[in-house]
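Below sits a lone chain in structure tokens, taken as the form predicted alone.
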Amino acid sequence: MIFDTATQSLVQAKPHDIARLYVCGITPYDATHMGHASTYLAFDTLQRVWRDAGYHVHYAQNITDIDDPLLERATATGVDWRTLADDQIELFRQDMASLDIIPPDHYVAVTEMIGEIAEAVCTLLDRGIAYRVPTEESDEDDIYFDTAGAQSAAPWVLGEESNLDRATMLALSAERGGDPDRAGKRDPLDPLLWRAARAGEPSWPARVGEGRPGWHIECSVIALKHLGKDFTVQGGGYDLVFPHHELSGGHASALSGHRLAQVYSHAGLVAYQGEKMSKSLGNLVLVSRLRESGVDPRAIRLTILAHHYRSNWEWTDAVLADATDRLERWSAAVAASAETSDDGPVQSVSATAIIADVRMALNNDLDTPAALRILDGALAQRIDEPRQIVNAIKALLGVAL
């Protein structure tokens, strides 16, 4: 069972054959902060639960390696945008590997998909679900998604996934990369599909006109290509509920005639020093810097697992210290259980029963805090088959003891 944002209820994320998962990737600057790590660990846990149940997992993730925030950071730092993106992508992959995050089958950079995204925009234009808006900044037109037209033509209703009213959607659009005040749009909530070429910005020639993709269409096209329509779970941080996942779903429905995903799942947000951890505020705790300072990546992982994936929580030195203590206790307990006693048989608890309880916790909306508490209690006793526990902790929680 996992919580579905669209229905606001716990649902079965049970694949019919292959578990198909899409999780929105990073815009590669200031990677990898703890908010990133918390989100990707949430869906790593989902992968592990599926795999443990015997399902094959097909996982795709985008990399938004062309977008306004990346270009702005490159300009501010005097670094070529491509160099900045490549360096940050490599750092992100190193961080994910250090945290033992199972990698996607497909890491897909937006710049690898420009042609296919442009053709998808042409398709939406041809179907009357997109329209052109002239701009004085370019000889080409910007192209926008017609939300009203899409609702008439596709199995999609604006607000159905996010459960937000129009006033809230307008506010979030302005806050999160939309342009509700743009003149010439049919509806303030219509999102940009294709940004016409501007002087000094990267752009690509295309049948739709020279330019580059908007934000939401990239994920729609990548997901449809690598996972197909109506895949199992669309995942990401809670700040992607609107506009990104709402409108990605609209684009995909308009292109395929089907829902983007069966379940929309969102991870909570991580704060630091009293504020949501964000690139704009600069209050970032970076995985790479923690690693450089000598923090064991397993302790970072346990810090995150101690919080339910849907909860909002704050990173502090204290929560990291608690995780470090837990790692030390577990390691010592496993070593002690593995030792042969000279005093004859000692009563021990069943590893099989413990693992069953951990599985039950994880199958209940990925309840990792409950799983950790079960293991805390079990590892305070002698275990009959400690190697089984070690293997289960590695397989289900990604922590090697």
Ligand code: 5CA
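Because the structure is predicted, anything quoted here is derived from the model rather than measured. Note that residue numbering begins at 1 and tracks the sequence as displayed.
We do not show the form predicted in complex with the ligand, though everything after this point is about it.
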### Query
Which pick from Gly250, Gly236, Gly178, Pro213 sits with a heavy atom within 4.5 Å of the ligand in the predicted bound form?
Gly236
### Query
Pick from Leu305, Ile114, Ala109, Met277: which has a non-hydrogen atom within 4.5 Å of the ligand in the predicted bound form?
Met277
#### Entry: Heavy atom contact within 4.5 Å of the ligand in the predicted bound form, the stretch among 28 to 36, 52 to 60, 348 to 356, 362 to 370
28 to 36
### Query
Contact between Gln47 and the ligand in the predicted bound form at 4.5 Å, heavy atoms?
no
### Query
Are any of the heavy atoms in Gly268 no more than 4.5 Å from a heavy atom of the ligand in the predicted bound form?
yes
### Query
Would Glu218 count as touching the ligand in the predicted bound form under a 4.5 Å heavy atom rule?
yes
### Task
Would you please decide whether Thr64 lies within 4.5 angstroms of the ligand in the predicted bound form, comparing each non-hydrogen atom pair?
yes
### Query
Candidate spot Ala120, Lys229 and Phe231, all three in 4.5 Å heavy atom range of the ligand in the predicted bound form?
no
### Query
Counting only heavy atoms, which residues in 240 to 257 are within 4.5 Å of the ligand in the predicted bound form?
Leu240, His244
